[in-house]
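Here we start with a single chain on its own, the form predicted alone, put down as structure tokens.
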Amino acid sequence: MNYCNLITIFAFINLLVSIPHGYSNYVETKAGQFFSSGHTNNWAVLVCTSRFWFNYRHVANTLSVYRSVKRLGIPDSHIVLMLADDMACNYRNPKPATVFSHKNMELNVYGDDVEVDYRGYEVTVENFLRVLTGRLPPSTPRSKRLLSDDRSNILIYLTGHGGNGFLKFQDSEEISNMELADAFEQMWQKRRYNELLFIIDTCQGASMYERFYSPNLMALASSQVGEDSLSHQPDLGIGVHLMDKYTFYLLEFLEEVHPASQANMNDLFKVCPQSQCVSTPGHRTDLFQRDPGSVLITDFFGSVRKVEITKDTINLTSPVEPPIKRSGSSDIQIESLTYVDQLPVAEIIHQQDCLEANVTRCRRKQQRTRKLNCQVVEKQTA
């Protein structure tokens, strides 16, 4: 055997040895990316701050993001949706119960399963800050609360009219960038998030994240200081613009993302360049501990829980089918499992009504008896 054959055999052996090692490194890398975030649940706070029909696009912006996060697995129980106006039921809407994001009316972002938690005049700066910090009255229902913890990844999306250092709420009040920064710091001090992604689509949006100082926070904006965030797709039938440019292209990007997607935050930073948006989108990552290239889009827009959304009706009252017996286990007795009957609330309420009616009837009978007795006594004394 010559020298060349020995070298060939040695190289082949090295290749066989290195393949398992390389594969194991690949698996470890993927596992590291999966567990690097450290979060166990996802939340989203989506806010439209504008009222009136001519701000149709701001409602469409928020509903577009709402539709995307639900499709990627975040359930309604983990979404706080705040809409300052109800465009779907506005009398100017030529197609009631719909909100479209495309002028060809292909995509109805309102859908048939929207759960609005704060609507109309409930969308205020005070309520927004209370939701973030958790300082809500005890009577506030769970659906209106951000029940996050120190293992929660939170997406916060804001859209509306703004300026240098402020965002207007319904043209009657405004929130400043310092107030927003202090609210995020309170969230961090109270261990209400693990990582937080802040996105804002408004004029001079980058000014809203200039004052941020809390850790594990990443921010994106549709425009720089001194720039306007422009609207997109005017519709002659509706009479207004349907969306803003930045959120329109953000929605197009998210439509290509699926729960197992490997798209990362660097891909999100490239959404809507200046050639498309006219304004210059900005982002801030200096407060974020991880490399944006290792942060998956689904770390914020998706859910760590495997949630399957279905419109099929599932009957929960039928008996559960027993598992299939395996060969060799014929001696094992497997009993059929059934769901416990639900509490007969209707019957209890009916019984309670009957009980109250009987009590009332008895009281009236007692009153009549007392009255007759009094009349008898009066006659005897007379």
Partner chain sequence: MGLLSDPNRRKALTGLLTRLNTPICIVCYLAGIVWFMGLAFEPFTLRTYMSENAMGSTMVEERFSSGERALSLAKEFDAHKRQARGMPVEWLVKAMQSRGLEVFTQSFSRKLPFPDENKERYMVRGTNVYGILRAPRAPRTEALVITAPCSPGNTNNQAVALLLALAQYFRNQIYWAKDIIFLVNEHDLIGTQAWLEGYHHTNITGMEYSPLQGRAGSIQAALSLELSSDVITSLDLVLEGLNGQLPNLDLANLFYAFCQKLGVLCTIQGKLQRNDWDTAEGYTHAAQTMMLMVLKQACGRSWGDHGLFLRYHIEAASVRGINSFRHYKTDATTIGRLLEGMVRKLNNLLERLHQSYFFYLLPSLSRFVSIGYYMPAFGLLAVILLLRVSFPGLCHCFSVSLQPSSPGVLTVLTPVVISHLTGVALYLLPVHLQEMAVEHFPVSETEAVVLTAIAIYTAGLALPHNTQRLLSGEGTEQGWKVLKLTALLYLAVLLGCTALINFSLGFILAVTLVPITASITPHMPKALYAVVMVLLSPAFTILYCVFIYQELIEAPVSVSEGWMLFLSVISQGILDHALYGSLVYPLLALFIYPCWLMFWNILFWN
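Note that this is a predicted model, so its numbers are computed, not measured. Numbering follows the first chain given and starts at 1.
One more form of this protein should be noted, the form predicted together with its partner chain, which is absent from this view; the next part is about it.
Shown alone here, residue 163 lies farther than 4.5 Å from its partner chain in the predicted complex, counting heavy atoms only. Using a 4.5 angstroms limit between non-hydrogen atoms, residue 284 is distant from its partner chain in the predicted complex. Residue contact with its partner chain in the predicted complex: residue 266 places no heavy atom within 4.5 Å of it.
A residue is said to contact a partner when one of its heavy atoms sits within 4.5 Å of a partner heavy atom; residue 90 meets this definition for its partner chain in the predicted complex. You can rule out all but one of 92-100, 248-256, 270-278, 218-226: in the predicted complex, only 92-100 has residues with a heavy atom within 4.5 Å of its partner chain. When its partner chain is considered in the predicted complex, only one residue from 296, 240, 81, 107 comes within 4.5 Å through any heavy atom, namely 240. Taking its partner chain as positioned in the predicted complex, the residues of 52-90 that bring a heavy atom within 4.5 Å of it are, in sequence order, 52, 53, 54, 89, 90.
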